[in-house]
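Just the one chain here, laid out as structure tokens, in the form predicted on its own.
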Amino acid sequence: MPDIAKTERRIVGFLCNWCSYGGADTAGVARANQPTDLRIIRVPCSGRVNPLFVVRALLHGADGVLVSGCHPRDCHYSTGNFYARRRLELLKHFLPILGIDPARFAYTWVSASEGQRWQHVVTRFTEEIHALEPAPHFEELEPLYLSQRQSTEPKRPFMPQPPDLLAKLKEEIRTHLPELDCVLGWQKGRDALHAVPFFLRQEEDLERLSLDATCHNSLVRYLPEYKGKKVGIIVRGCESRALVELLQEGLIAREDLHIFAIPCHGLLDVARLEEELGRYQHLENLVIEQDSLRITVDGKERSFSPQAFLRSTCLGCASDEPVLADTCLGSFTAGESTPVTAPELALLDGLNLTERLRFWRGVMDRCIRCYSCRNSCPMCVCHDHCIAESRQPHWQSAEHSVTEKFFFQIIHALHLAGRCTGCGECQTNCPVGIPIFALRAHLNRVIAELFSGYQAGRDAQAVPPLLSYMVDEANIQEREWQ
């Protein structure tokens, strides 16, 4: 293979061994004229092409990536390309939020006998890549720093927990505690502004139970560790959807759970409050009311509007109704299901592709690879086998580069595609405030558009869209080029 000339572009092709590779070979045997830009990687099946292959190639200098496999209904492994079609179409819609031009990626279907079609496909794709500017090098981009805060009106106004809700919850837990191994709840941490998970095992522990708008840590992430034991858990609307996802995947058993559902009218963004308070020695008091948030630090009382310090993931919440519950306490507010764009995603929607890539270049430079986003996610249950830390296969290096840090966030987002319930714990627990929830929110939006409004965590019997397929997809075309 000759060296890449100045006029050539770096184009990577993932070709199915049984059809498209044979089609490329047929075109070669027929001496059909083809561009020399394409570097072919042969794979057993298009279903073997992980979207991360494509993203990694584009982040590391490829000007374009082409995936080609057997025609639908003609896969050597029966259904491999049906699954690939869903994943690759999702990827096509995901690339723009990263700041990568979706025109740099295409997927198509070519059979072993279609040498002429292969010539047409590779020629046209190469022409489209040449029509674009050479792919920018991520680490060489000038960072774009923008304020990630945006005033977005929530659908429902903030309301503090009813004063008698905690007492009612304690009474219900006291009633069911003898038949449970433990109950997952919250207690106050180092001060009144910080709540931490709490595992109640005896009646005396009820005195330490806490419940207010600072209790944001998702308790669902601990449930897989208690599989086979009888466990009680306190959940709000978004957390009950995470429960449904774990039930879908068989990671917990419904008969082992007693679910205490409580209403929620918004949680406070503790990190933003700490930033506003500045450095302090002691936090003496915290009073949360509907129209005021009074915090006494170092002997001085400061007042804030709780509405202005709602978590961004709570801004578009339409309903606090739980999907699953054994004991419901308080009154729940039913709401419409129309999604509201998260502030972080709205910010990115207003940028062009280059600006988005520069934005990620700036914010990812802050990442310290602490994995708090992964560790706090209720759907990330493979901590000991995470590909971000595995060296077999070697998806990522330990290099502290901005590209590797960005790629980790892309891995996390794509692993949650069709599974993320929008709780926002990943972003809430990020110690450097990276708006990574925007990636998950965009994927949820694309999933709903492609798969008939599917929302994760609504039905324990449903099959996640990327684990299923339809022979005739309503919103996915048969192939990239006719």
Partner chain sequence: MSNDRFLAKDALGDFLCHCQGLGYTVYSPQKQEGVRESVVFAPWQKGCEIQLAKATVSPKHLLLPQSEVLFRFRHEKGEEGKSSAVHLEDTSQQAQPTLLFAARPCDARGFTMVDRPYLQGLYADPYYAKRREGLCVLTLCCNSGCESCFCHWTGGGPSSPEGSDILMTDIAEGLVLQAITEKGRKLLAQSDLPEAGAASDQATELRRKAWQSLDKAPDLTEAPHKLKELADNLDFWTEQSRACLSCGACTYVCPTCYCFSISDERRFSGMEEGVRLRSWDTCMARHFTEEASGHNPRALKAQRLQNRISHKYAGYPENWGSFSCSGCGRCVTHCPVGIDIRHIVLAAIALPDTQAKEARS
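As the structure is a computational prediction, the values presented were derived from the model and not from experiment. Residue numbers count along the first chain shown, from 1.
A second form of this protein, the form predicted together with the partner chain, is not displayed here; the remarks below concern that form.
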(message) Can you tell me which of 97-105, 187-195, 260-268, 160-168 lies within 4.5 Å of the partner chain in the predicted bound form, counting heavy atoms only?
(response) 187-195
(message) For a quick test of understanding: in the predicted bound form, does each of V363, S372 and P431 have a heavy atom within 4.5 Å of the partner chain?
(response) yes
(message) Using a 4.5 Å heavy atom cut-off, which residue among E289, D384, E140, E207 comes into contact with the partner chain in the predicted bound form?
(response) D384
(message) Please tell me which of Q409, N217, Q119, T126 lies within 4.5 Å of the partner chain in the predicted bound form, judged by heavy atoms.
(response) N217
(request) Could you confirm whether A398 comes within 4.5 Å of the partner chain in the predicted bound form, counting heavy atoms only? (result) yes
(message) Even though the partner isn't displayed, in the predicted bound form is A253 close enough to the partner chain, meaning a heavy atom within 4.5 Å?
(response) no
(message) Test of understanding: in the predicted bound form, would H60 fall inside 4.5 Å of the partner chain by heavy atoms?
(response) yes
(request) Indicate whether the partner chain has at least one heavy atom within 4.5 Å of a heavy atom of P435 in the predicted bound form. (result) yes
(message) Need the contact residues for 215-250: heavy atom within 4.5 Å of the partner chain in the predicted bound form, sequence order, or none if there are none.
(response) H216, N217, R221, Y222, E225, Y226
